[in-house]
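Single chain ahead, by itself, as structure tokens, in the form predicted on its own.
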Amino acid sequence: MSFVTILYAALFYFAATILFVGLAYRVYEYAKIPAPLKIPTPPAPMTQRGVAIRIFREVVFFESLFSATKWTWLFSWIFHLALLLAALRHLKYFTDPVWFWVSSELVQVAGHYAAYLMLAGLLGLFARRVFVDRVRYISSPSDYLILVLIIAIAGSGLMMKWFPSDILAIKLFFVGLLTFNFSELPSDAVLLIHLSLVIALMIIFPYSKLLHAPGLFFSPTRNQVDNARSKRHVADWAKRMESTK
């Protein structure tokens, strides 16, 4: 195998380990954080079913963001929808045989044009941080760098339309990573840039604000039932203290 193949195989294994172990640890940390008070944001549901519906609306429609600021909601929703479509399109590189719905023209065409929508949404979010005073004031350098990184990933992915690589070889490389049956990775510059940026995103994901993805499910303002008037709420650590008395 070539040096490029060995290098990127090692980098992807390293990045995947950081991503999944880091995410698992962060989720564990979120799950262990006590919630001593009932603080659901009103109007809050009074049943667990209502909480599930509320979280669904938050995940799919970004309900609270829509209520806060329409332009941010629009750019953010466009970006996340496009990201989902692009991810579905990329499944063809990791499945063998390719699932029938992944190889359908609808998914493949939608995933391709989603890259343009992704760039539009990201550029809108970047402009928001630059031109909106209150957002610029609370933005840190990492906020800009993450946006630039994802913009570069989407842009380099689109550039592969004009600088094509061997699609079959790319698929064999990634399927080989999953099955430990390694194949050569093409050494085209645009492809390697695109993959390097993806690796960088995988490594920083568990340590960045991108953790809002799993963190949403652990937010007490969203996942709590508004039943403080009918049922006493006692945090787990407080229950343990009471049991030791």
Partner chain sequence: MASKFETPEVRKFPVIPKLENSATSHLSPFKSKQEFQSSLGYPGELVENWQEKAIDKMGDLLGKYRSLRVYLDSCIQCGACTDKCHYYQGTKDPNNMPVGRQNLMRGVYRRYFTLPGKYFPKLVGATDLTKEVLDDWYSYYHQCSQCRRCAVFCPIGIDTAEISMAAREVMDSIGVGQKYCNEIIGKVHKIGNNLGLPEPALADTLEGLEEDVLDDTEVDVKFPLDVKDSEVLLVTPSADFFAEPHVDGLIGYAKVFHQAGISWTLSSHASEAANFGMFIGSYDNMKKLAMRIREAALELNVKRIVFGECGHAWRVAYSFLNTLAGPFDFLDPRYPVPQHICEITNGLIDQNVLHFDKSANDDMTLTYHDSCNVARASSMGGIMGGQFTIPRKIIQTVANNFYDMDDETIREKTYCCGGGGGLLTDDLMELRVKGALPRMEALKHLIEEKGVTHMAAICAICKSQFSKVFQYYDLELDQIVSLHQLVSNALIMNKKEV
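Keep in mind the model is a prediction, meaning the values are calculated, not measured. Note that the rigid core is defined as the largest set of C-alphas that superpose within 1.5 Å between two forms. Positions refer to the first chain, counted from 1.
Another form, the form predicted in complex with the partner chain, is not on view; read the next lines as being about it.
- Heavy atoms within 4.5 Å of the partner chain in the predicted bound form map, among the stretches 128-136, 160-168, 114-122, 96-104, onto 128-136 alone.
- When the partner chain is considered in the predicted bound form, Leu145 lines it closely, a heavy atom lying within 4.5 Å.
- Put simply, Ser187 is far from the partner chain in the predicted bound form: not one heavy atom of it is within 4.5 Å.
- Not displayed here, the partner chain is kept clear of Leu192 by more than 4.5 Å at the level of heavy atoms in the predicted bound form.
- Not displayed here, the partner chain is approached by Ala44 to within 4.5 Å at the level of heavy atoms in the predicted bound form.
- Contacts between stretch 28-65 and the partner chain, counted in the predicted bound form as any heavy atom lying within 4.5 Å, involve Glu29, Tyr30, Ala31, Ile33, Pro34, Ala35, Pro36, Leu37, Lys38, Ile39, Pro40, Thr41, Pro42, Pro43, Ala44, Pro45, Met46, Glu58, Ser64, Leu65, listed in sequence order.
- In the core-superposed comparison between this form and the one not shown, Leu19 has its Cα shifted by less than 2 Å.
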